[in-house]
Structures are given as C-alpha cells and as structure tokens.
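Next up: just one chain, as structure tokens, the form predicted alone.
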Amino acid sequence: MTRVIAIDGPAASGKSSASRGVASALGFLFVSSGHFYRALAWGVVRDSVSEEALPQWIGNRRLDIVETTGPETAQRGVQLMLDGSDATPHLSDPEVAAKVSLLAVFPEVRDLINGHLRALAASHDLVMEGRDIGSVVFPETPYKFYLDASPEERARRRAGEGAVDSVAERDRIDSSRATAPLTIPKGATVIDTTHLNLSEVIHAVLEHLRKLGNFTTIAK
C-alpha cells in the first residue's frame, strides 16, 4: 500500500521547503497541490478566461503529469504540462499568483486537481503539501501535519522571497471560502515554525513519523 504524508498550512509557514526535505529523506515523491492550481491559473491568464467562462474552460483542459528527478537522487517531483505546454516556468509569475486563491473557490477546479492528486497516490508514496490535503484530499491518511507561524514571521518570509501578495489577505480568502477552507485537519500534528529553521522543522516531522513506525530515511 502507498503512504501519503499530508503537510498543510497557511502561506509562508514553511510547508513547501519542509515537504521537499521530508520527501528527500524518505525517497518519496514530492507534490505541491499549489503547483496544480498555479498551472491552471497560468492557463487562465494565458487564455484571458473570464469568471463566467471558467467552468467550460476547465472542462476542456488537459493536465499531464511527468515525474522528474532533481540534482539529488532522492529529490523526486512532478512537472505539470497544461495542454502540452510546460507550466513550470510560469508558476511564480505575479499575475498567476494573484489568480490562485480566486481560482480555488471553484468546485470544478478542485475536482479536477483532486482527481489528479488521488491518482498519484494510487501508485506512489507521497509527501504532499497544500491547504486541504489532510482535511479534504486525503482525510484518511494517518500521517497529517499542520505547519504554522506567526503572521509577522510569515509576512517577513514572503517579503524575503520578493513576493508582493498579502499574507493576511491570503489567509482571509483561504480560511473563509465555502469550498475546502483552510483548517487544521482532524488528527494532525501541529508544528509552530516561527522560531525553527528548516532543518529543525524537517527533523520534527521525521521524528514524529519514526515514532509511528514503517518509515526509513535515506542516508546522505
């Protein structure tokens, strides 16, 4: 049976970097659900799709997933192809980032992406990060984590990344949307990353998994 480690949390909580580190240590496939939303957001920007036309546009999209290997043997991830074009170079475009939270409120979008995420879990051990992985996409997984940090620290991190979006506004949209709002999944281990560096966060997750058993890290 495959295993899914779900790591959720708000923007700039450290979940993406920590998830990559955990996946590398375990030899699991790293998947960011946010990248799927950004890939579709790039298509919306590219095709100048209106809100009214979005459901029909989504129904006509082809999203292909290609497994990739990074510079380290254990660094495994996925590359997203939207209608045959690589979305990767566009995932951090400001106009794409601005569309993500708005796009995520559409059930058609979430159904499409969740279907792809669950299909990956049918054949891969995964470390998956997002905002509703442990609560909606894989609520049955026993390996759930929720990373958080103070609003001030998260805003500082976003500014350090050169991001222009507002952490407070992202929190408001993600937490108040009717469809799959950001919440702490039932049974999740909560880790406050405010005063932790990346190595400490990764260690905390791996240590918890080690106590649960059935996990072996890859020696570096």
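Note that residue numbering follows the sequence shown and begins at 1. Not measured: the values here are computed from a predicted model.
Just so you know, the form predicted in complex with ligand DC exists too; it's not on screen, but the next bit is about it.
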Which one, R76, H90, K144, R110, lies within 4.5 Å of ligand DC in the model of the complex by heavy atoms?
R110
I have R20, D148 and T193 flagged as a candidate spot, so tell me whether each of them has a non-hydrogen atom within 4.5 Å of ligand DC in the model of the complex.
no
Would R154 count as a contact of ligand DC in the model of the complex, using a 4.5 angstroms cut-off between non-hydrogen atoms?
no
Just to confirm, Y37 within 4.5 Å of ligand DC in the model of the complex by heavy atoms?
yes
Looking in the model of the complex, any heavy atom of A104 within 4.5 Å of ligand DC?
yes
Within 4.5 Å, heavy atoms only: does T189 come near ligand DC in the model of the complex?
no
Which one of these stretches, 59-67, 23-31, 169-177, 44-52, sits within 4.5 Å of ligand DC in the model of the complex when only heavy atoms are counted?
169-177
Using a 4.5 Å cut-off on heavy atoms, what residues in 111-140 are near ligand DC in the model of the complex?
E129, G130, R131, D132, I133
